[in-house]
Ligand code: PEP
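Let's start with one chain on its own, the form predicted on its own, as structure tokens.
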């Protein structure tokens, strides 16, 4: 039953009501709504409702008609928001959970966790105990797998969830995980549900193989009756006569269940379909139906996976799915749940900034921009977290610092997927013959609206950022901040620093979250770029004497060259024909004017490198077909 309390009820009157209900063997839950506070009382009820209705402080008593009392929306009108670590599931959020079907090794789960975290996952999944149809299939690493999963979650800032299959493992597992998972085969394992419910921890409850919606909600009731109110329902397909897919995904269950219960509902398109190419479209269908999130299997080498490889997405496929879900969210009135990008501790440490006069033998890396720039984030992706950095005002200053030996390496942008080639750095590469390319890294550019703490959207009148940042967020600015003037600034991180210095709550900046963290500023809106497929590719540069040290642990698969050809018909074709003959696939070709020689050009090319012997032969022939030829570097690509 539902006991609606009077608004003027005293604490003593409320305690008296609770005591009476518990004395009669009922489970009591207090629920505070927007207008009323109610007590939900469930169990074997032998009381006359009038006995309760006559008590001081009681407004009315309403019976609950549904067999699932605690899970019913009759008991609680507002949506329940389940909190897992720092992630909230439910309401107007869409949460992405991802990871391998099974934890296979420490290296495997760490690599996959890094990839899915960067793509947009906020909860890490991975099986340590695997209930398999065949007793001869891989059954999981057990507690060892839990340790690896916990380590990966801590390393990449994600809460973790995994399936529990035995009541005797519940207490042990609670020390490692943030959310229990009850699999489809165990949905009606009532002893397991009781033990998990007693922990009070969040639970992801999957629908059984052939369970009705009422049976599914009754399983949730077992969890809630035994102590937890943090239950997330998961539609993962049901068994039907159809054999074309692993299961039949019941998208209609999502809106149906949302009418019946206040608990959040997510979907599992991986188990629903069993085929990699169907996961993304079915995932989008679930979100369109109203799901509060997706749990997706991702593997970096699915062909070698010990469990469910055929239905596991490749990391790049998961990244695309996240971006597609993000684009779909406004259509269904929701937003993609996100957590701040992982910011290395030293990015906020002033002492990490290199002092060129006293850096001594320390490893120092140059980048262009201010502290907290995307370029600094690229540095941290390549080198250890404790590396010292030297921010440089211009690209030329970065080359000069490297040329003079003030730094050992420099990390500079070479190409953006939306803005194109950063031609200044191609030109500078040809002007410093003792500087070579030794590596490459890619960073997804996630733009955020950054403000002084306490600023509201309606306060903002001016927005500062690099011209490309403003252009890439034009849709957001026109839609959300039509009253604000967009003002170009020399650098995204510099714009944040400027806004901080003014302390003005009428201005904002567009930049990455590292700039907000470094400057102690507030991120008012995340991921505001119009096109989320925004990446910047950076080159790692060094002087020739340091190149082999870096390449020794990063075997090159690319080579960059610059060359000029004579002014005659077919000269460029003859040069490119050499590359074709030796199987040097060309990934990029760019023409640039030669400084001091009007209307003359050089070509910059990036080539796939498969054989050092073929490369040397090709270069030897290429010198005969070109007027000049220079190798700008050999490096490991980030693809």
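Numbering follows the first chain given and starts at 1. From a predicted model like this one, the values you see are computed outputs, not experimental measurements.
Heads up, the form predicted in complex with phosphoenolpyruvate (PEP) isn't pictured, but that's what we're talking about next.
Engineer: Given a 4.5 Å cut-off on heavy atoms, tell me which of 544 to 552, 251 to 259, 184 to 192, 396 to 404 is the interface stretch with phosphoenolpyruvate (PEP) in the predicted complex.
Structural biologist: Single hit among the candidates: 184 to 192.
Engineer: Phosphoenolpyruvate (PEP) isn't shown here, but in the predicted complex which of 113, 265, 231, 101 has a heavy atom within 4.5 Å of it?
Structural biologist: Among 113, 265, 231, 101, a heavy atom within 4.5 Å of phosphoenolpyruvate (PEP) in the predicted complex occurs only for 101.
Engineer: Note which of 150, 130, 466, 558 lies within 4.5 Å of phosphoenolpyruvate (PEP) in the predicted complex, where distance is taken over heavy atoms; exactly one does.
Structural biologist: Of 150, 130, 466, 558, the residue with a heavy atom within 4.5 Å of phosphoenolpyruvate (PEP) in the predicted complex is 130.
Engineer: With the partner left out here, check for me: in the predicted complex, does some heavy atom of residue 125 sit within 4.5 Å of phosphoenolpyruvate (PEP)?
Structural biologist: Although phosphoenolpyruvate (PEP) is absent here, residue 125 would touch it in the predicted complex, with heavy atoms inside 4.5 Å.
Engineer: Are any of the heavy atoms in residue 271 no more than 4.5 Å from a heavy atom of phosphoenolpyruvate (PEP) in the predicted complex?
Structural biologist: Yes, residue 271 sits close enough to phosphoenolpyruvate (PEP) in the predicted complex that at least one of its heavy atoms falls within 4.5 Å.
Engineer: Find out whether any non-hydrogen atom of residue 236 is located within 4.5 angstroms of phosphoenolpyruvate (PEP) in the predicted complex, and reply yes or no.
Structural biologist: So residue 236 counts as contacting phosphoenolpyruvate (PEP).
Engineer: With the partner left out here, check for me: in the predicted complex, does some heavy atom of residue 299 sit within 4.5 Å of phosphoenolpyruvate (PEP)?
Structural biologist: No, residue 299 sits far enough from phosphoenolpyruvate (PEP) in the predicted complex that none of its heavy atoms falls within 4.5 Å.
Engineer: Which residues within 192 to 223 place at least one heavy atom within 4.5 Å of phosphoenolpyruvate (PEP) in the predicted complex?
Structural biologist: Contacts from 192 to 223: just 206.
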